[in-house]
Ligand code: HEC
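Quick setup: one chain, the form predicted on its own, written in structure tokens, and binding and motion questions come after.
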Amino acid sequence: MKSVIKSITTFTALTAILGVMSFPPVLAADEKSVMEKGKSLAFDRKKGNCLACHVIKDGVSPGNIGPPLIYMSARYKSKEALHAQIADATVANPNSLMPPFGKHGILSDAEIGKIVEFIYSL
């Protein structure tokens, strides 16, 4: 009898664990969707236009005025720091050639957030 109860308890526990493990892919799909939107905005020649100045993985006809966008999580300690850079690079460097996308209304705060999710993953 104890063996049957132990088996049922083990089965129930494993089922609960596997059930909880099924939720992260849903979140990952949402994250992927945000990153895809961010990539689309970054590559859009009428919006982010990051490719005009930067080499980005999978980008076509990139520029070379700015640094390649690689190892971004090593270059920026947080997504907030990267967000601030994209929103207005002239705060950190008044001589920056990078357009202040947020300050000039080129991109909304939400659009910059999506681009940050994509760029920070590079």
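Keep in mind that what you see is a predicted model, and the values were worked out from it rather than measured. Position 1 is the first residue in the sequence shown; the rest follow in order.
The following text describes the form predicted together with the named molecule, which does not appear among the structures shown.
- Looking at residue 40, you'd find every heavy atom of it more than 4.5 angstroms from the named molecule in the model of the complex.
- Contact annotation for residue 79: none of its heavy atoms lies within 4.5 Å of the named molecule in the model of the complex.
- Contact check for residue 72: a non-hydrogen atom falls within 4.5 Å of the named molecule in the model of the complex.
- Residue contact with the named molecule in the model of the complex: residue 34 places no heavy atom within 4.5 Å of it.
- Using a 4.5 Å cut-off on any heavy atom, the residues of 108-122 that reach the named molecule in the model of the complex are, in sequence order, 115, 119.
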